[in-house]
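Shown here is one chain on its own, the form predicted on its own, set out as structure tokens.
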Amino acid sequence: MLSSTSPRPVTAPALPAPRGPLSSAVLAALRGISAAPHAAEIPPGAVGQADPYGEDLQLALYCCYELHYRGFAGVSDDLEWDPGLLGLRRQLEQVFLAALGADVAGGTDVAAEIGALLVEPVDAAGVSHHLRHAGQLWQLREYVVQRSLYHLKEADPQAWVIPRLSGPAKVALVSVEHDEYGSGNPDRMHARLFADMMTELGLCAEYGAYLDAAQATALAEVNFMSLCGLHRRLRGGLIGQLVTAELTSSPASDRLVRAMRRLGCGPRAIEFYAEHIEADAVHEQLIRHGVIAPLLAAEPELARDVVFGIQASTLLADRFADLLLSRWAQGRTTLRNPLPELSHRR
């Protein structure tokens, strides 16, 4: 299906500012200041001593992964496979994975993990609950900014797993991805709907525009998807991440639609989450019965990785929500670079 609007120019985002020695090393390599990260001055033990969830390590990882997506303005495409960058990335991944492995319970009972996702506590108090009942427009805009690092490339990290599946699991996953990409209509791509929402909310809808503003907790969620997607051995983890997102998205999207209506947002802002109320309810069934069931029937040894993916993505989502809710409770911004106030309501 042809788009009813003119294609948007494809541009690569600008490089962000560093947040520590690890991201400084990566960015120096990307800017051509050093031939490779090992040529930059990384203090001895800096990788092993880094906070696995901290700003420096997560930004460094994000920049390494972004070379496999849109890249950065002024950065050579050849650096996607630079041995020095890949070597440092591997070290960063090992620190991140070790922390996640230590912080989740693990196990092999996929059915129990999915069952827990399907039951929402009566006293649940996440970000969508807050925005639904008491959130302010500035808080909604900050949430959208943080989430833009994923949603402007929505479904791309999960696409890495397609060639790593076979048979019914691959077919079902492609069906989900087809919906994410607009079911053949470029104007209905979820990334496009998110960009339209950003514009309606007075935000910049350019890909990667808010990388400098996003906190490490937001980067970590995207990094986990990229990490699992780019490693065949973690394909089960990416399926676990995907089922977590699809099973929890529909009710959260409904609350966000109600929040936007309460705040007087227009239809172009509401459309993205309105689309996810129905779409993700359908995707839930496809993922559970069309992907996970045949995947584990063919490769039962992946159950542990699927459980890890569910638990790790839940942990990272909780860390992100805790940051937002604690900052908002204090009347503080959740962004590293605060947004300018809207000149008028849209």
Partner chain sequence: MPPDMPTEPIRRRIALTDDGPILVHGPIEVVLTDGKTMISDRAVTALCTCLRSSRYPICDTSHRRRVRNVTARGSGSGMDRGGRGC
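Bear in mind that the values here come from a model prediction, so they are computed numbers and not experimental data. Numbering follows the first chain given and starts at 1.
There is also a form predicted together with its partner chain; it is not shown, and the following applies to it.
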*So, in the model of the complex, is Ala317 in contact with its partner chain at a 4.5 angstroms heavy atom limit?*
yes
*Any of the heavy atoms of Gln285 lying within 4.5 Å of its partner chain in the model of the complex?*
yes
*For Ala279, is any heavy atom within 4.5 Å of its partner chain in the model of the complex, or not?*
yes
*Exercise: Leu118 in contact with its partner chain in the model of the complex, heavy atom 4.5 Å*: yes
*In terms of non-hydrogen atoms within 4.5 angstroms, which of the given stretches 207 to 215, 159 to 167, 267 to 275, 80 to 88 touches its partner chain in the model of the complex?*
267 to 275
*Heavy atom within 4.5 Å of its partner chain in the model of the complex: which of Ala134, Ala102, Ala73, Ala125 fits that? Just give me the one.*
Ala125
*Could you spot which one of Arg141, Arg262, His129, His231 gets a heavy atom to within 4.5 Å of its partner chain in the model of the complex?*
His129
*Kindly confirm or deny that Ala25, Leu30 and Glu93 each have some heavy atom within 4.5 angstroms of its partner chain in the model of the complex.*
no
*Pull the contact list for 136 to 165: residues with a heavy atom within 4.5 Å of its partner chain in the model of the complex, in sequence order.*
Tyr143, Arg147, Tyr150, His151, Glu154
